[in-house]
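Single chain ahead, by itself, as structure tokens, in the form predicted on its own.
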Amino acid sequence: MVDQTLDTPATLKSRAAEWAALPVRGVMRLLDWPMRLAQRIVGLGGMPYVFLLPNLIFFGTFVITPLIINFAFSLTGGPELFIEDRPFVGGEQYGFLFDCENALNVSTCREDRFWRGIYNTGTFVFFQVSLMILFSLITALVLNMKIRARGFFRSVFFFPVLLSPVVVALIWKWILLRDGLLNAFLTSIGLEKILFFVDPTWAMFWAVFVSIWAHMGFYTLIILAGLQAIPQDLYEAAQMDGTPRMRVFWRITLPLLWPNLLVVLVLSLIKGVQTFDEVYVLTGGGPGTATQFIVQYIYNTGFSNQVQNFGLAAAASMVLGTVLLVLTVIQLVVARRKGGI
């Protein structure tokens, strides 16, 4: 008589797990032999480079190669698209950009639109970055306190970051139009309509405001993470000593928060200089060229204008990249001297 034992639930569960793991084991076996082959070729010490190779290929294909092509374009002229059909002009494009009788007077420059874009970008970055850091710091300090519905308010401040820049610009454009929501409110309380996109000062103000509103939540999150990493023992000791709150902020919070503030400064500066889509949808660079930034100048010169000048646009983009690189290096050097990194 054959002894037949019934499978227990634990046995059935174990068999189901084994069957479910079969596809995973198959995939791992397929990946195992190329890894073993790579280890035989490069050795155990070279395996980190094998794992880095896909990222290096991606970075080289979509970052380094376009950068080299862009630099080559900046040394050529003519309207042709393919670089082999474009005549070599050397530094002529760069000379055209920097041909100014008086660097402080934009109207004396041969390519005044380029310098107008630099001036507008500098103005925008100065106000946007400084106010962004200030408001993000204040918001993070408030959200770090034990307030009611703290999680809800954190979500509210971070929500604009999840929106597309184009969506953000369209929302605020509908609000700020001549017949938009804000003017409707002004007329309802007896005030006159304000043409926000006609006055250059108002246009720049709203460009800065919308950019801060859209991105402040991301930088607030970085600063909030830094605040939560500060040991509470320091605050308790300061409280026991009767140290005033402002002195605690300047002596404890701000120095320990410096690495996070540096990250916010670098990221917001790079983002501010590269601003294009939000302001382009919001104001179109107007009125006139009041909110036309350097990236929009590059776009217009290389693609949007009726006469496309790829070489000049490439030269302007190389200048922009160099300025960003120099600013980042300066900030990192300052941070190292202060012990931030």
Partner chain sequence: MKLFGKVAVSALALGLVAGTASAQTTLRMTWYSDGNEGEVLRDLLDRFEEANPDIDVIVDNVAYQAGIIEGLPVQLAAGEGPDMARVTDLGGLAQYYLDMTPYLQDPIYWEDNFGPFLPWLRAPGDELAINGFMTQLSVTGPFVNKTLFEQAGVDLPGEGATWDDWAAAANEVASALEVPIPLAMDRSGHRFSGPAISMGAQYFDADGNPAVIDDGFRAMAERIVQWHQDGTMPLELWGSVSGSTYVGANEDFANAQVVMYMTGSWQISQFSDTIGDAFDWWAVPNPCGPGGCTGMPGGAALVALADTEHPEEVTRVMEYLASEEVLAEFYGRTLFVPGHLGLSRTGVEFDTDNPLAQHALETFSIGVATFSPVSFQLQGYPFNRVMFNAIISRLGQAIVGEMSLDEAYQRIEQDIEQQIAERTR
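Values in this document were obtained by computation on a predicted structure and should not be read as measured data. Numbering follows the first chain given and starts at 1.
Note that the form predicted together with the partner chain isn't included here; everything after this is about it.
- With the partner removed from view, the residue among Q274, N70, Q308, Q39 that has a non-hydrogen atom within 4.5 Å of the partner chain in the predicted complex turns out to be Q308.
- Proximity to the partner chain in the predicted complex, defined as a heavy atom within 4.5 Å, holds among P34, G288, G43, P54 only for G288.
- Although the partner is absent from this view, Q93 contacts the partner chain in the predicted complex, with a non-hydrogen atom inside 4.5 angstroms.
- Among heavy atoms of F303, some come within 4.5 Å of the partner chain in the predicted complex.
- Taking the partner from the other structure, the partner chain in the predicted complex has no heavy atom within 4.5 Å of any heavy atom of R150.
- Proximity of R154 to the partner chain in the predicted complex falls outside the 4.5 Å heavy atom cutoff.
- Stretch-level contact check against the partner chain in the predicted complex with heavy atoms at 4.5 Å: of 230-238, 158-166, 74-82, 135-143, the positive one is 74-82.
- Heavy atoms closer than or equal to 4.5 Å to the partner chain in the predicted complex belong, across 195-228, to the residues L195, F197, V198, ordered by sequence position.
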